[in-house]
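Okay, here we've got a single chain as structure tokens, the form predicted on its own, with questions on binding and movement later.
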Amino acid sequence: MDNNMDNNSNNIIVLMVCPVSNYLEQEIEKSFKVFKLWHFEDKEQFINTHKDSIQAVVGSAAAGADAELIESLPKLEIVATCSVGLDKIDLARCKEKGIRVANTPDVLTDDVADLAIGLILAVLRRICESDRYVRSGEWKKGEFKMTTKFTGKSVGILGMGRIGTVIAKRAEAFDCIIGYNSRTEKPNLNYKYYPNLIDLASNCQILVVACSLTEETQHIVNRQVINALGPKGVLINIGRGLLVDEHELVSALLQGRLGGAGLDVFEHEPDVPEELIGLENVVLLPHVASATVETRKAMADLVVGNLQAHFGKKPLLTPVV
């Protein structure tokens, strides 16, 4: 525990709204009193009973603090999320009420970028399919089909923030031609900027979705973007499921209007469209881009560090609000 924190910190009550990791739970419990919302059948009654004592909320990419929860906790001072994404938190309501918000940027950037490249390779080289080919004994009956190389491909990146920039750097190592679409052009980058996403999709063979989910970006990858990417194009999503119109994605894959997809995120996790399950040109992962032991520990440490900083009257380590 931070020695500069008030000795009464164990009286501070933290509400965890969803399971994150045993390590995070244990670390928070060293410094604070913790309630785990998923342990309570009647969540509404639980919150009503404890609303005047809960001072912090901890969430993740799965759940955070919406307007309803924020309004129901009058003593809430800080929301700390074990994620870089903020789409599960009502930031406007937090600002309005003076509630601090902290996330876990930077520490997960490398892992997410690594996985994006892994998905590209898995889709183009049919790694998962060829693994099944060996295990099922099919190899004894004949050679596996030809696949597609990654080196030298044109890669479009939607969202040139921390993660997008690192994905571009990794793709450069494969001699890829990089283009990007972002809210604004990044003057320090030598990659071609496309102000229009459809233009980017028309000019790349692989489109990587790496932007933040906001009201404006929900379903930003729509039918027009998918059609522009085309029947030989590959879509990779390591951002958020809602960035892609999943219905249109499924339709394009089934009709052959899109060549393939590598997906770590989905619209209604953990539910995945049944139609995707049987497609060999699609690689499906259970939202694990940052799920390495090293990174999840670093993320958890940041969450705890932000809580300790706030209640120790020190600046937050990674402030958002």
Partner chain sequence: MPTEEERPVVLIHRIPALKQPLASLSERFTLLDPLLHSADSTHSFLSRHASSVRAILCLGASPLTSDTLSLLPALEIVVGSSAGIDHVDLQECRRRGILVTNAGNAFSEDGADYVVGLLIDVLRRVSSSDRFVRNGLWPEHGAYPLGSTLGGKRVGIVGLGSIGSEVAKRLVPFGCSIAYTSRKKKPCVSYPFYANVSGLAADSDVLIVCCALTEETHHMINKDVMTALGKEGVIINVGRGALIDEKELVHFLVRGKLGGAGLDVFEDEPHVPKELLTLDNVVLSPHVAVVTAESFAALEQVVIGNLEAFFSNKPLLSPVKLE
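Numbering follows the first chain given and starts at 1. What you are looking at is a predicted structure, and each value in this text was computed from that prediction instead of being measured.
The protein also exists as the form predicted in complex with its partner chain; that form is not presented, and the subsequent description refers to it.
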Exercise for the section: State yes only if every one of 122, 134 and 288 has a non-hydrogen atom within 4.5 Å of its partner chain in the predicted complex; otherwise state no. Expected result: yes
Exercise for the section: Using the partner position in the predicted complex, report whether residue 160 sits within 4.5 Å of its partner chain, counting heavy atoms only. Expected result: no
Exercise for the section: Report whether the minimum heavy atom distance between residue 270 and its partner chain in the predicted complex is within 4.5 Å. Expected result: yes
Practice task
Examine residue 149 and determine whether its closest non-hydrogen atom to its partner chain in the predicted complex is within 4.5 angstroms.
Solution key: yes
Exercise for the section: Evaluate residue 71 for contact with its partner chain in the predicted complex, applying a 4.5 angstroms cut-off between non-hydrogen atoms, and reply yes or no. Expected result: no
Handout entry: Residue (of 242, 250, 127, 198) lying close to its partner chain in the predicted complex, criterion heavy atoms within 4.5 Å
Key = 127
Exercise for the section: Quick one: from 258, 63, 282, 54, grab the residue that has a heavy atom within 4.5 Å of its partner chain in the predicted complex. Expected result: 282
Fill in the blank from the handout: Partner contact check in the predicted complex: of 110-118, 180-188, 217-225, 92-100, the stretch with a heavy atom within 4.5 Å of its partner chain is 110-118
Completion exercise
Those residues of 149-178 with a non-hydrogen atom no more than 4.5 Å from its partner chain in the predicted complex are 149, 150, 151, 153, 169, 170, 173, 174, 175
